[in-house]
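Okay, so we've got a single protein chain in two different forms coming up as structure tokens, structure 1 first and structure 2 after it.
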Structure 1
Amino acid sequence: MHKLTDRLHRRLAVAVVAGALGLGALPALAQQPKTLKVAMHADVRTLDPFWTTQTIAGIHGLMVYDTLFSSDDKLEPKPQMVDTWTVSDDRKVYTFKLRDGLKFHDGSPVTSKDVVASMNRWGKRDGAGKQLMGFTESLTAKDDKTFVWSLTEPYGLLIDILAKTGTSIPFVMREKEAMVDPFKQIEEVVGSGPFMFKRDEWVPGSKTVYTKFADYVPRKEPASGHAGGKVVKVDRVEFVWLSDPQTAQSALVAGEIDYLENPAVDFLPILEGTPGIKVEAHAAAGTMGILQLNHLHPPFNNVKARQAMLYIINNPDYLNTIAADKKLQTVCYSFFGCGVAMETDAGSEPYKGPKDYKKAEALFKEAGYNGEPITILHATDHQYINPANLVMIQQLRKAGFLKLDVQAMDWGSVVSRRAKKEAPAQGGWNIFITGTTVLTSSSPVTHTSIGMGCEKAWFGWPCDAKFEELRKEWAFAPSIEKRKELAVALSKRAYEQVPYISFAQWRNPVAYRSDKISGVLSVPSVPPMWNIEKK
């Protein structure tokens, strides 16, 4: 009997202790930080957003750093760190004033010196930045809050470029980091953006953690795209790297993550049919294929051979292979993307028309082609580049007169090999496939792969002075109407010269748990994590 009561007492005591612990745990539970779990398209491996042009570095940058201007959801530039600015009558001198309350994560104020050093560093790495710096006479800090940007010519894109999104966003760093050689990585990550980077929790290849920067002063305007007030409504954001698309999709369905940046197109019907999940895409959130031709070596050093390809390549075939869902497809013949201000298919008749192998063969003959092997760098490990290559190879074989030398390799090898200028037989190449975003393509200035600056051009090294002249003219155009007019001229010239062949345009939606989070901002690329509220 004694033993029984002893046991009962002991159990009672245990229950009381457990209850106390449980009650004690309640306030702890109530104070649990609100954590947003996000799976981005890649893992944050590099912390310096200028050192590499990879989009994921830009996503990390957008969390930690702030920008002078930002693009809203209509891709129009709006001030962000800048409060007011003036432009001289000759459109050559811009005077900017920073807004009040800007602070770095270490508590120091953001000054014009930080801005000047940051822009100089960024301007050495980014394509558009380099062009802007080419027209820059001086960039100086007038006082702590004012800086002056003087141009050699009335270059009309200064604000647009400062508000650019996608890759190589012009972030503002501390002067200390901004003075680091742009070809070397910075050591410390101290920005003035709405989130702070948690270095002690960073596991490259697995997880990157950010916490809310309590001292961030958002703008008063409502958030729109990357513009407006960056009001942070969660305590932590965790980027979880899920390299397997199936696992990423399952993690979203099971509610283990709140936001998935790039759901695989094959899984979209499942996600769309799952209650509590929303799938949506910004109008300009698209990818375009690039079939790059090497202009240095036969046969594509001859314009006739490049033009001949337009009679062989059938644009819609790529879409059906890469993004079978019709809702995601746009059969686009515009070098500058479809659904954007500069959309034009001027000069695309040979490409749009029915495929004509006889015409193509005649043009190849005129170019002096005599059955030499055409070396194709086929990346077999890439989500859409591999199927696009398979379609292209089939189309070229179907033409019946081309001899192909298809070399299968991983994307890393293509990236290395495409930089080689040697002849294909000496380790060079004739064709490789890649892609770009609609956002990047939408401006002839940021659209690096359309440039025809010979030695300075992108891989393939297209060379056409007239096109480059038109490109420059576009950058100086004073109005959107004039730019559209010039875009037509650029398109016609591009279809004559064929720097590359643009194929397909497909939308890349994001998916998120609409039953758990709200306030997701619509952007074409580099998704922001502010404004998102977690229930």
Structure 2
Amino acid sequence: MHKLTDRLHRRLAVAVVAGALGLGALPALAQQPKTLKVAMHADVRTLDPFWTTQTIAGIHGLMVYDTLFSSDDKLEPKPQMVDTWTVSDDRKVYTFKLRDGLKFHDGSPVTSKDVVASMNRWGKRDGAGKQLMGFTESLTAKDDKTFVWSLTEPYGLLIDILAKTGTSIPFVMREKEAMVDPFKQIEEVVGSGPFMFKRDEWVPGSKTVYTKFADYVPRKEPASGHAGGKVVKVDRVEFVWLSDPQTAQSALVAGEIDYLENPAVDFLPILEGTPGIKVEAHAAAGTMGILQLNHLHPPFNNVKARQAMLYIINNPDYLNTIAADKKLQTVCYSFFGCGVAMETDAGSEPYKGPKDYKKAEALFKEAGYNGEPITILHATDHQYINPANLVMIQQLRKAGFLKLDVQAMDWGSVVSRRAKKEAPAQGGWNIFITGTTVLTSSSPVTHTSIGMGCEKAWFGWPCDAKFEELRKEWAFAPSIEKRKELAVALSKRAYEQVPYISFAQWRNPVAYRSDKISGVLSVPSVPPMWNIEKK
């Protein structure tokens, strides 16, 4: 026993001497990097957050890039990269100054030229960005830290749009990447955000790695939503891709991962009953499902066929499959979401009423449908899109007169194929399912899927000049009362034209090891990894 004690004392003495001489800690006592292991709802396959509206691309973007403004936990816009700004008396000219200490991961300073190039690139892809750029007279760099945004009209939503946290988010890139054609993906990922992307450790289909950016200067305000100080308290974050929900849940229970972004509803009771695990629902209204129709090709290029779908699709069926817990459900027929200022179900009578297959069949015949196959892109590896597809397919088959061509694939393949404008027989599509946050949908301007700007619209390419004119009116409305009035008109027109079908609204809880991590922020949109600390 005395020999063992003496040996231990000698080891400790050597360690103390080594430290005093600057030799570093002994290997056995070396500090291990603090690594946060996270399972997200999808695998990171796309590195360009402007190229796609995939939520996972937005999450990746939040890790690597920073924004001019962002939204706090009360959904109010707050400055992020911007230090100060002024607005002219006629509300047409905004002058912004960047805060000190902003630099990219390669060590170069962030300048106004980077901002201007980034906003121009983003504005060619994002729905709200396109509308904002339509009212932009010029966007110029005055000096390295100052840029001026001049509008043709007093468009009061400029700051709100720059602060949006739903994809695609207006991130600031280096000018080099921002000058890349917006319809081509960037190849280099060099941001100025709190984490650096480790391309050499990226294994698509397996793992995406980020490390702390030591030179990032957080804001001094406390973290709130996506605003405030982005203080990184870990050395590494690993997004581990686990496509099977049961495997992901088991990994959390076993402590192999620290954070599960989107646990399957079926497993929530198990997670809630496991010591050391906390299940937490976001404070915001949650997610809305989208059944997207292709307006370019038969049958849904004819409005009658799109209207017919309202007599087939049964909204509550999706809720009971995706979010069986009644506390997480909201039966909602508002294109702008429920529980928000613009909530309205005006024009929804065909959708809310009893299902009527004979009426639907008659409308399809009026549209010229003769039994041609309807191509459905079925993502089988997505936590809520897969079961939603199964419900939709069952409902369409129950109608009895539709011929379905269901093509199973992973979500990444759906994302690639949904951009194709070719006919379904030539590699295109008729229907795919996705979703969006209620926060994004709550404004007709930031709501990407509802836009009907023809070739400028989102996938599906809805086209209706009257609807777009109403959206413009809403953006310039002088009061909340007037906006609510216009929201009713927008809802009625949307139910007439059916740009897509909203099939559910539910809240997504997250689950994490509360015995291993702390500081998880409750946010209304994509989850941030800053402020989280390993115990």
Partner chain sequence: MTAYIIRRLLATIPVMIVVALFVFLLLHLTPGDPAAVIAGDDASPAEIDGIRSKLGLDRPIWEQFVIYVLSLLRGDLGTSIFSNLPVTTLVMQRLEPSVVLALSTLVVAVLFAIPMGVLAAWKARSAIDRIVMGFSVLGFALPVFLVGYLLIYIFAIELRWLPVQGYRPLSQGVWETARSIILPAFALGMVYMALIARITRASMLEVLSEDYIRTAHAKGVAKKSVLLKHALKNAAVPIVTVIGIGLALLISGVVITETVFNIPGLGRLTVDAILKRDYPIIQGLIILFAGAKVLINLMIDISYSFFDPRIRY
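The first residue in the sequence of structure 1 is number 1, and each one after it adds one. Rigid core here is just the name for the largest C-alpha set that superposes within 1.5 Å across the two forms. Bear in mind the structure is a predicted one, so any value in this text is a computation, not a measurement.
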Is structure 1 or structure 2 the form predicted together with its partner chain? 1
For Q394, state whether the C-alpha moves by 2 Å or more between the two structures after rigid core superposition. yes
Does the distance between the two CA positions of G107 reach 2 Å or more between the two structures, the core being superposed? no
Answer yes if the CA of R418 moves 2 Å or more between the two structures after aligning the rigid core, and no otherwise. yes
Shift in Å of the G451 Cα between the two structures [rigid core superposition]: 3.7
Look at the Cα of P462 between the two structures with the rigid core superposed and state its shift in Å. 6.4
